[in-house]
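In the form predicted alone, a lone chain appears below as structure tokens.
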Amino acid sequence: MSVAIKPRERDAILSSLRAGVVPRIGLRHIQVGRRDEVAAVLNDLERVGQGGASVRFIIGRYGAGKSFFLYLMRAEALERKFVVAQADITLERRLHGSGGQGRALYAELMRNVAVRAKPDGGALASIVERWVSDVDHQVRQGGGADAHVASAIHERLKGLQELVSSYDFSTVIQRYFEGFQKGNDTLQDHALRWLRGEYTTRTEARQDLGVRTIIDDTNVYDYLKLFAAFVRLSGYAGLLVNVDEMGVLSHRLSHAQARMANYEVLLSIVNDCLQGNVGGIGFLFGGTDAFLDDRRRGLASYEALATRLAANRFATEGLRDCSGPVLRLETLRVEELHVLLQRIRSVFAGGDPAKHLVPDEALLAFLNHCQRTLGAEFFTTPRDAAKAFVGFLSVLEQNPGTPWQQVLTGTPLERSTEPDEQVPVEGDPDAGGAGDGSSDRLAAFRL
């Protein structure tokens, strides 16, 4: 049975696919395959909701659907009452840096914090205000006054004391309550600014909030763990942290020392999640095959991570194991790509079969045309398939009466290029001098 598709969802899906990016809404209308991978991450979410932790590396070539998978899991987590923080790695935003890059990543994650009621991000203020309001309401219902509410907030935040940097985190939450209690919007804004990691100097934070520390490059992971504990205290199932474009660390950071520092943070996350040293938090990292497997620049170059992320040697000859920290996105089968084209056709028609622009035979003809022009590699990148098919249908939609055979046979196609194949960016701010041995850019030189 066909499902009607709202015009807003239709336009968002088509404009995103046309540009080769993942739509933020309507993912259910175009989701195909990935059953095992989805089931594995949903099991992770259940474990996180029970106070555990998880870490997964979503690995696949460029265009294989990593970002789509992360957004799909984001939507599933929001439905399960999780808080989701999402960001892309860039040279200016990464897990570790000496010039504010770590704090910039944390700030981006906090700006993009989403809950079911605010799926587009910007939910940090709502989370804090909801918790403070709930405590205030509960205490006042029992006949308590302002002092009793402040005392109750202090007592409930004691559960965070076992975590590193918890004292100032708790102090800032209490400052937010003071602003809430007195109607002081400025104090509340200062507290939220601190929680978002937007203070750059301790002096300013001390003047505004009376705390001696700020969130900086050295403690990003500590504060993510604190925030995860706080969201569970606020009644949410847990915190899911989605970080995409991890290939920037391996193939755009030109200095080995900077890469290793970021890999050390990853190692801490992997160790904590696998050993049960942290709770209520899950991590999804999206990266290409080169990010994981490159023995000169990727995670495979860092022995401690390489051993922890090694594949199960018994999972061979078509056998799969989705229990490890690495989930490789397998190539979609031809049948699954056919279903994807059907769903895109349905999106174009707004869910009405009577408005389909092409018949079923056109879908098979499109796949055959792509295989002839691009070869077998076409089937490894759903992004290329979706983008090309949207372009095909767009021409037919805007040129009614044009035979689809004419449009299809006269259109050459090109495969997307892998960004990791490009030359790494030079001049990283973490680099030492030209002769300090920290750069390995000459290793990429070819005659």
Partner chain sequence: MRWLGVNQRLEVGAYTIEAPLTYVTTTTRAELDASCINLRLPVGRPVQQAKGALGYWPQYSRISPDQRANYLAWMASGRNAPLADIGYAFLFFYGMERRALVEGQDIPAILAETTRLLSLYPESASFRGYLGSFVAYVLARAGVERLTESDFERILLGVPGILSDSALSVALAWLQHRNQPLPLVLAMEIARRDVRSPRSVVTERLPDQFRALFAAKYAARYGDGVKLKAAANPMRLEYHPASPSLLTMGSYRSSLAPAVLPNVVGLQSQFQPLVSIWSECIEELKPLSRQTAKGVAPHTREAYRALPAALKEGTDHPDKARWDSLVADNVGEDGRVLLPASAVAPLVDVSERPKLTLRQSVDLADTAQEVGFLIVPDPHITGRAYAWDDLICLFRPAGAAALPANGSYRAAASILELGMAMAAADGQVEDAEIAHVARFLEGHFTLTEDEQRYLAAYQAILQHRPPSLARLSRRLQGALTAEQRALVGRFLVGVAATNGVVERQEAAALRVAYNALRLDTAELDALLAELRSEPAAPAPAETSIALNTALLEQILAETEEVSRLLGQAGEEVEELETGTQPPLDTPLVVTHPSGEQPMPARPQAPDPIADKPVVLPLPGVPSQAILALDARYHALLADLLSHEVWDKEEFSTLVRRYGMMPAAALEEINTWSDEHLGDFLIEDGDAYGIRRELLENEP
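Computed from a predicted model, the values in this text were never measured in an experiment. Numbering follows the first chain given and starts at 1.
The same protein also has a form predicted together with the partner chain, omitted here; what follows describes it.
- Contact with the partner chain in the model of the complex, defined as any heavy atom within 4.5 Å, is confined among 262 to 270, 72 to 80, 211 to 219, 91 to 99 to 72 to 80.
- In the model of the complex, the partner chain sits beyond 4.5 Å of every heavy atom of Val395.
- At least one heavy atom of Thr409 is located within 4.5 Å of the partner chain in the model of the complex.
- Of the heavy atoms in Glu129, some are within 4.5 Å of the partner chain in the model of the complex.
- None of the heavy atoms of Glu162 is located within 4.5 Å of the partner chain in the model of the complex.
- The single contact residue among Asp168, Glu336, Glu198, Asp189, judged by any heavy atom lying within 4.5 Å of the partner chain in the model of the complex, is Glu336.
- Candidate site formed by Ala4, Gln31 and Pro119: every one of these residues places a non-hydrogen atom within 4.5 angstroms of the partner chain in the model of the complex.
- Annotation for 385 to 409: interface residues with the partner chain in the model of the complex are Pro400, Gly401, Gln405, Thr409 [heavy atom within 4.5 Å].
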